[in-house]
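Shown next as structure tokens: one chain only, the form predicted on its own.
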Amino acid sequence: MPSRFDTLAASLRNSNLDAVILNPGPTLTHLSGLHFHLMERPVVLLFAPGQKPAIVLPELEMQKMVGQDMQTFPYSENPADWDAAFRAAIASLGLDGKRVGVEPRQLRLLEFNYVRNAAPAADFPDASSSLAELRLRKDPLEVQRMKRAVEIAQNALESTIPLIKVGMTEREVSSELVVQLLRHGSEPEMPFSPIVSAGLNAANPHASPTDRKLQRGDMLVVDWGAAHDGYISDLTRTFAVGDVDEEYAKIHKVVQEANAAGRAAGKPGATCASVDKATRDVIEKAGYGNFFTHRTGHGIGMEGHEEPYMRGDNMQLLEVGMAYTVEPGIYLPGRNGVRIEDNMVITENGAESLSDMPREMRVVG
């Protein structure tokens, strides 16, 4: 994908970086179309503007390089040979003594040590901003893949809802949802394990499913997503298990209104902070501001969390193609919680919700 490497080259020049190193992950795949997984054998892509990219990889992965216009530096199963492959790759691009950007959230010490040993005079600054720029604006094909990931996720949960009964455990609901995600077409490597939390567990935004059984009066938070062709969805809906307390129905309505306000706030030129403020204002006006304990949303695409971030101090301007979540919540400690989350993409005229599953409170069980 030469155009993406060209974009990266321009970004590196603007950041005063001579090169960048990447190990397996979304950025490497976005640039090259290559898929590797993190394992005990290191894989590193090295890119310097104006030069052919170089990749260090195990010999057993060489079939993936057919049709790729890259310098390849394969190594054998013997770890004693690996250092030489890295030294040859570094030398091919002349990176010793240069400013070589890294991706701190992704690069492991395993790969970094081999690169640093091969380029002891190099500097390794954080290249996160340059690399985030690559995937910040989704093109129509990327949006199409995200829409499909949303469709798979919604269909899977709709197929799960009739199976949810009082007395099921959170783990049982989560397991059934995973089965339905696979049946409806999600890639096996999902963006995250579904969060299924009920009652007092629903008051924890990042709860893990437990053996707690669903009880009448619970709010049931389901935060789930699917993966399709390298892109993901990340959605949340909250259900009532039978009849619920009047206050719980109230906070569900407040969160629903906050979600709508956040979705409406997105448009080209708006700030990320303004989207956060739109949801937060609704919840604060209702008297529950202290119980909305996280940002309104995060970017989404190849990863579940990427740029841009919808938080109150982020003055980044939204642009066409940027994709993100809107997921306000109210969490009453030790009692219950509600969150409603949708996936958005900025268009020329505003923001489109990729998700359309009903947001009103539905009763299960």
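Nothing here was measured: the structure is a model prediction, and the numbers come from that model. Residue numbers run from 1 along the displayed sequence.
Form predicted in complex with another copy of the chain: not shown, discussed below.
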Can all three of Met39, Arg171 and His294 be found with a heavy atom no more than 4.5 Å from another copy of the chain in the predicted bound form?
yes
Among Pro162, Gly269, Pro120, Pro188, which has at least one heavy atom within 4.5 Å of another copy of the chain in the predicted bound form?
Pro188
Note which of Ala85, Val178, Leu93, Leu136 lies within 4.5 Å of another copy of the chain in the predicted bound form, where distance is taken over heavy atoms; exactly one does.
Val178
Heavy atoms within 4.5 Å of another copy of the chain in the predicted bound form: which stretch among 53-61, 25-33, 317-325, 66-74?
53-61
Would Leu141 sit within 4.5 Å of another copy of the chain in the predicted bound form, counting heavy atoms only?
no
4.5 Å heavy atom contact, Val282 to another copy of the chain in the predicted bound form
no
Even though the partner isn't displayed, in the predicted bound form is Gly287 close enough to another copy of the chain, meaning a heavy atom within 4.5 Å?
no
Is there a heavy atom of Arg183 lying 4.5 Å or less from a heavy atom of another copy of the chain in the predicted bound form?
yes
